[in-house]
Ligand code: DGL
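Listed next as structure tokens is one chain, alone, in the form predicted alone.
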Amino acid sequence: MRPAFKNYIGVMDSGLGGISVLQEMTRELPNERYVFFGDSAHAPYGEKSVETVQQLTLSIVEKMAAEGVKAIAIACNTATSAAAGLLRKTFDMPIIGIEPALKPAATSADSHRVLVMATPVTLSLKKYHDLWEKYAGYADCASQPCPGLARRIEQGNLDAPDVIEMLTRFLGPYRGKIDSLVLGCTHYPFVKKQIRQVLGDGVKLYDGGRGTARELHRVLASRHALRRPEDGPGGVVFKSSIDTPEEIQLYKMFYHMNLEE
């Protein structure tokens, strides 16, 4: 199949969660061309083995490399932790990853009690443990695994009662006990409204999407040959391992969803 663009930025995720990062990237670099690939057929990565995540991620990037991708953004905390190092050894192109925004949350002057919610695999990997060792001492920090939440978000209908029930099970015990919440999976920004229903409006939410977009900007700026002209037309193409019109329409719906600040 012919690629939609040449010299594009490939953005990949285990499903549609990485669209929250894509939104930040298209705000930061609107003139670039992006191809988003969601591996929804194998979602979520956060409950698979490290070896499986590496195999799936490598396969996606190999296909993008054959199409002429110029940079890869891994818009998935689990895939970044499990596979970013392998990808950087394998491909001669910029590989930008994402990590839970523990640093800005823990070091903020108004953050004294911080909770990180993430997939079980993200919380188990060395990359997260290193991040924890580096920054968790700045505040009173805790971690909460959220098995099944990313898979539920993939289904849409985010105002359904079962979403609130799931969030209440994971986060309800922390109501009134934390100042800041780190959204450690790129799916979670899509349920910010529902999270606030459970925790209240006084909790500040952090995610890594904006920082990843800025890092992409910095990397492209340092390699002038990779940048598109600022007056050039940008664009986004969506692809999925569930290759149906309905799935692509779901991706587009999430892309046009307004995320609360």
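In this text, residue numbers run from 1 along the sequence as written. For clarity, every value in this text was computed on a predicted model and none was experimentally measured.
There is another form of the same protein, the form predicted together with this ligand; it is not shown, and what comes next is about it.
Taking the partner from the other structure, this ligand in the model of the complex has no heavy atom within 4.5 Å of any heavy atom of Gly208. This ligand in the model of the complex comes within 4.5 Å of a heavy atom belonging to Cys185. For Val116, no non-hydrogen atom is located within 4.5 Å of this ligand in the model of the complex, even though that partner is not displayed. In the model of the complex, this ligand sits beyond 4.5 Å of every heavy atom of Leu167.
The stretch in contact with this ligand in the model of the complex, judged by heavy atoms within 4.5 Å, is 41-49, chosen from 41-49, 54-62, 22-30, 192-200.
Note on the partner interface in the model of the complex: the residue among Ala150, Ile95, Ile178, Ala101 having a heavy atom within 4.5 angstroms of this ligand is Ala150. Residues Cys76, Asn77, Thr78 are the members of 57-78 with a non-hydrogen atom no more than 4.5 angstroms from this ligand in the model of the complex.
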